[in-house]
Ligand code: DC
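Presented as structure tokens, the chain that follows is alone, the form predicted on its own.
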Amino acid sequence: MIVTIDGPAGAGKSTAARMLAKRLAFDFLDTGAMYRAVTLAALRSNCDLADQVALSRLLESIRLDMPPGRVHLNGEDVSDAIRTPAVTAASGAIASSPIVRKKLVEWQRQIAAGRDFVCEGRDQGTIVFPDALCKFFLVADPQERARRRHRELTARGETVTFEAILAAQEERDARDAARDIAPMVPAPDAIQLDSTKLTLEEVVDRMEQEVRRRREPPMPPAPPPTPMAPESQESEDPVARIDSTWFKYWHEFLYLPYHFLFTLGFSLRTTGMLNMPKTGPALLVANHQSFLDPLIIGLVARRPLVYLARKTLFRNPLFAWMIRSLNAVPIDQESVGKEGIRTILSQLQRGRPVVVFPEGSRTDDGNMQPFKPGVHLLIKRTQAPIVPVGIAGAYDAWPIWRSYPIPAPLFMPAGPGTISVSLGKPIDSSHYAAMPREQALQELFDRIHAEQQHAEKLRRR
């Protein structure tokens, strides 16, 4: 998860960000210090700050490390050296360099990838991490900001007048707000906080409360019970029977014959069954090869599962009865649309495992298709473990263009129609909370594809 804090100098960004990171047990990334470190390197090497080619060569020759609370430039601790007036005066030219900004944005994203970070700067919520789950823009009265800066420099033994600090601050604010590249402006979805009359603790308290609220979004409330509803009225929970004792016994009763039929008819092979949570909610995300997939995953999971199905599939009474017996929930949209996301979150809140096919429909050539964008919103909001599932052979057994499946008997292993399934280790859903959409979808795609490849190897043994 990424939390960004942007705003002008003296608003208290760095101190608030460090305290917030400590409270949340997140890492802290001082991006301003990174620009100052590059500025220091440029000054030491007498690099022309306006020469983009020279700056590009400089960036290739330096190494920045950001241990907790410190800044290392080529192995040297420069945490104090980057705070001198000379570096401050020259940092504006560095921050305006498109070459430098592009490289540092790349470094910042690499540092924060897959980790919990509080980042502060001037463009974190707009440019560097536009998909951050929580963004703040911290401001304060210019006079108060100058007084804070004056006290900070005086405490370090530096002699500088309040008037000089205020003038430099006003010049920098105007420059940062007007620059063409990554201007200092609040992101449209940023929360603006004025710290002028607030203590540091009050500022961080408000930030922490908002971050925790967004990090743990409330699940949709369970529908109220309707014991007196007429029998003809459809239940608000279309799979309420899944929680009943008789259904669990019925599920166990059917498991053995179904498993026997699939083992005999399709040489079904499975691996990773211990990765399936035995109780509680779980989001099973699988590639989609055929109509057999829901039943196959149910056999591997050994638990009653919930599926989503378009309402058009319920028009045939016989087929409707079959898919309802698999706990299919009718929806208007594809499984990763807005309606599907609400339905999935509701079922997960009830402690049920839900199967999702992020491709949206069956593959038409046996290969995995790109995931629907709505999957990103789903994996960001769910608090349930995510189990990657790879299916191999189901497309050969029942391709999209054929009206019936082709069995692969047990005595013909590794032939057409042989099916295998691999369940990967559960993923903590918070891992995807702060990832940009494309990165999150690609990583999830890679994990499921890896399980599919594992299943394919198992199928061909």
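The first residue of the shown sequence is 1; numbering continues from there. The structure presented is a predicted model; accordingly, all values stated were derived computationally and were not measured.
Omitted from view is the form predicted in complex with 2'-deoxycytidine-5'-monophosphate (DC), to which the following refers.
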query	finding
Position in contact with 2'-deoxycytidine-5'-monophosphate (DC) when the complex is considered in the predicted bound form, options Ser267, Ser91, Ser195, Ser290, heavy atoms within 4.5 Å	Ser91
One residue of Arg148, Arg350, Arg172, Arg362 in contact with 2'-deoxycytidine-5'-monophosphate (DC), assessed in the predicted bound form (non-hydrogen atom, 4.5 angstroms)	Arg172
Contact test in the predicted bound form: Ile341 vs 2'-deoxycytidine-5'-monophosphate (DC), heavy atoms, 4.5 Å	no
Non-hydrogen atom contact Ile297 with 2'-deoxycytidine-5'-monophosphate (DC) in the predicted bound form at 4.5 angstroms	no
Non-hydrogen atom contact Thr418 with 2'-deoxycytidine-5'-monophosphate (DC) in the predicted bound form at 4.5 angstroms	no
Exercise: Arg122 in contact with 2'-deoxycytidine-5'-monophosphate (DC) in the predicted bound form, heavy atom 4.5 Å	yes
Candidate stretches 91 to 99, 374 to 382, 196 to 204, 70 to 78, one within 4.5 Å of 2'-deoxycytidine-5'-monophosphate (DC) in the predicted bound form by heavy atom	91 to 99
